[in-house]
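Single chain ahead, by itself, as structure tokens, in the form predicted alone.
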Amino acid sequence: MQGLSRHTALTAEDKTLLLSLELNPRRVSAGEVLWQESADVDLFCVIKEGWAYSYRNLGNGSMQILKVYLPGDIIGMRDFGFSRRLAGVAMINDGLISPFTHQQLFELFGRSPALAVGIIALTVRQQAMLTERLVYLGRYAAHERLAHFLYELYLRLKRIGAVEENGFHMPLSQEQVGDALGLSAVHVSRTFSMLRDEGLVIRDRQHVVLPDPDALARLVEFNDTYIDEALPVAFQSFAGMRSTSAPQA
């Protein structure tokens, strides 16, 4: 959960507590369903390796991909406070996850306000990504939807050190990209070609390069505050004050 340190200062004890959520890792396979929509909410998990996505199955037999999860993300927190899953989750490629329970999360919150603030901040930002997705799916043309999607992935992957020379591995199929953007696989292919012809995106199977990331961002007037904006001072002050005042073991 590398992203936590971006939102709150973590002590050595905080880091130890955080590792307690990752004590039971298990290997998962591409296409494996971690849980189904409407299943009981009994676990959350940290994705250590691989990519995953949340989805809803629609009445017409199609699927809407809601969120793509990358290494370090917490999966399932949008179900926190519900008894049944709001969406299913499946793996995109082979990976490693670390499941944890409500009780483990409650114990962590009770022992570290800094971690509680950090995890809440990560969860809120995940919801902000869904809001941003709603805006560009409703208002953008196909090439702008794809450009926004790719640039957002680029920023998220760059934060975890998974971008090299403006290129990154993207294990999503054209069908999965289409399910995320409300486009057919054929339309996704044509749109990739359009962005390639404009010199904005180069794709070779599962490898994507953005020759000029800033130009891609300008195309969709990308505002990265929902990804990178720091926590309000009041949150940081609370976490810092409670951490420093906590009794030492």
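The structure presented is a predicted model; accordingly, all values stated were derived computationally and were not measured. Start at 1 with the first residue shown and count on from there.
One more form of this protein exists, namely the form predicted together with the DNA; it is left out here, but the text below deals with it.
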Heavy atom within 4.5 Å of the DNA in the predicted bound form, from candidates A116, A90, A142, M129, belongs to A142
So the DNA isn't shown here. In the predicted bound form, which residue out of S29, S193, N223, S38 has a non-hydrogen atom within 4.5 Å of it?
S193
Of the listed stretches (95-103, 148-156, 78-86, 168-176), which one has a non-hydrogen atom within 4.5 Å of the DNA in the predicted bound form?
168-176
Non-hydrogen atom contact P213 with the DNA in the predicted bound form at 4.5 angstroms:
no
Would V68 show up as a contact with the DNA in the predicted bound form if we use heavy atoms at 4.5 Å?
no
Check K48 for me: does it contact the DNA in the predicted bound form (non-hydrogen atoms, 4.5 angstroms)?
no
Is V186 a contact residue for the DNA in the predicted bound form, using a 4.5 Å heavy atom cut-off?
yes
Could you run down 57-73 and flag each residue that has a heavy atom within 4.5 Å of the DNA in the predicted bound form?
none
